[in-house]
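Single chain ahead, written as structure tokens, the form predicted alone.
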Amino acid sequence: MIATEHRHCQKNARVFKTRVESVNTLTDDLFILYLSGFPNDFDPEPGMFLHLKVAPDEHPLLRRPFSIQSYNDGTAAILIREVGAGSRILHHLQPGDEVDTLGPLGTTFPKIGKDDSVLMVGGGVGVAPLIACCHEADAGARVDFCFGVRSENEVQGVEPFMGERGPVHIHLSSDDGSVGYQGFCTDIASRLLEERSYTKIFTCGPWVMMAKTARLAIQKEIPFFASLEVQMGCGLGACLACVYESTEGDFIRSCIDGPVVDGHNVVWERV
């Protein structure tokens, strides 16, 4: 059974043609796609995503969903990891190429107000919507962003926040030890939770990472919001290809009930 309270449509969504401005390759499989040509009133909020048709022909058939990392002066930055045919096509697009785009789609992270102290835990391409949240944080807030990467070459998008100025504090970790703490970003999150009090926890990234973060949030009884990024079919709530089990005994559609959901309502421990 699907949750009784959900969005029946993506009220702000529309289909339009965007244009590739550039493709910035970070590593062999990680890159940033910059798109322009959005409608004048296009105004995405942190957590929303775009559903991209990767090629003009029928293969690959399905669109690919990607969180919007930033949107400035009419240009969107999309962080993508090449994992298959669709993302490989996007990686090799050239400036001026057109991309059939559906968006903006999905739910958003709560706004970070001046009285908030927020712990963010992100890894891989899951850092993208959290970077968007950082840009929108109130100057009076406190944000501790546990930013996990494979290696230092994957660190991007947080340069404006490095150092001790402003509300955002970056805590880097890497698998290979080339930057920051060598280990999991959840290790840093666990330590910070022992040192500070937080009003909210945000997370996005690999399922194992988010499940560990969920356990920390449940233990500390802190409001917890997760972006459930997953492959989707339609992106409009009809195909049921992106469902997650809810603690209430029904299902969450990531595309339309999410991707940002109350993390306390997700069954994290899969059998």
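Don't overthink the numbering: it's just position in the shown sequence, from 1. All of these numbers come straight from a predicted model, not from anything done at the bench.
Separately, the form predicted together with a small molecule exists; it is not shown, and the next lines address it.
**Student:** Using a 4.5 Å heavy atom cut-off, state whether residue 79 contacts the small molecule in the predicted complex.
**Tutor:** Taking the distances in the predicted complex, the answer for residue 79 is yes, it comes within 4.5 Å of the small molecule.
**Student:** Please determine whether residue 231 contacts the small molecule in the predicted complex, using a 4.5 Å cut-off between heavy atoms.
**Tutor:** Looking in the predicted complex, residue contacts with the small molecule include residue 231, since a heavy atom lies within 4.5 Å.
**Student:** According to a 4.5 angstroms non-hydrogen atom cut-off, is residue 201 in contact with the small molecule in the predicted complex?
**Tutor:** Although the small molecule is absent here, residue 201 would stay clear of it in the predicted complex, with no heavy atoms inside 4.5 Å.
**Student:** Determine whether any heavy atom of residue 212 comes within 4.5 Å of a heavy atom of the small molecule in the predicted complex, and answer yes or no.
**Tutor:** Residue-level check for residue 212: no, no contact with the small molecule.
**Student:** Only one of 112-120, 137-145, 80-88, 183-191 gets a heavy atom within 4.5 Å of the small molecule in the predicted complex; which is it?
**Tutor:** Going through the listed ranges, the match is 80-88.
**Student:** Does the small molecule come within 4.5 Å of a heavy atom in each of 67, 125 and 128 in the predicted complex?
**Tutor:** All three within 4.5 Å in the predicted complex.
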